[in-house]
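In the form predicted on its own, a lone chain appears below as structure tokens.
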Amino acid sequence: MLNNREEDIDMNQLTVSELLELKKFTFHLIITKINGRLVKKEERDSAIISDGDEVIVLHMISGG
């Protein structure tokens, strides 16, 4: 699941960084979570997403 939508990715597992690249999430201010646990920016290269995990990617927007 990615952002509450079922995704079919032809890999058993991948890192958060790989997912962001695969889905072309290029925003500078991104919040990532796996199964409700916050994944810090510096952990994205090592944080593994496995089959069945729920992933949230939020793009933070600022404005005035």
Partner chain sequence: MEDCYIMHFGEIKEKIKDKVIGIAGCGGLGSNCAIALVRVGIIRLIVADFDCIEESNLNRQYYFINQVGRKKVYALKDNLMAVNPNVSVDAFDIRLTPDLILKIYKDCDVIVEAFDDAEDKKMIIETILDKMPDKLVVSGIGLAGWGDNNSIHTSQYGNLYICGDNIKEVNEDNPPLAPRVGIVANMQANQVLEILLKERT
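Numbering follows the first chain given and starts at 1. Predicted model, so just to flag it, every value in this text is computed and none were measured.
The following text describes the form predicted in complex with its partner chain, which does not appear among the structures shown.
query: Just one of Leu20, Ile9, Leu14, Ile56 has a heavy atom within 4.5 angstroms of its partner chain in the model of the complex, so which one?
result: Selected residue: Ile56.
- prompt: Does at least one non-hydrogen atom of Ile30 fall within 4.5 angstroms of its partner chain in the model of the complex?
  reply: Close contact exists here: in the model of the complex, Ile30 approaches its partner chain to within 4.5 Å, heavy atoms only.
- request: Flag Met1 as yes or no: does it have a non-hydrogen atom within 4.5 angstroms of any non-hydrogen atom of its partner chain in the model of the complex?
  value: Because no heavy atom of Met1 falls inside 4.5 Å of its partner chain in the model of the complex, the answer is no.
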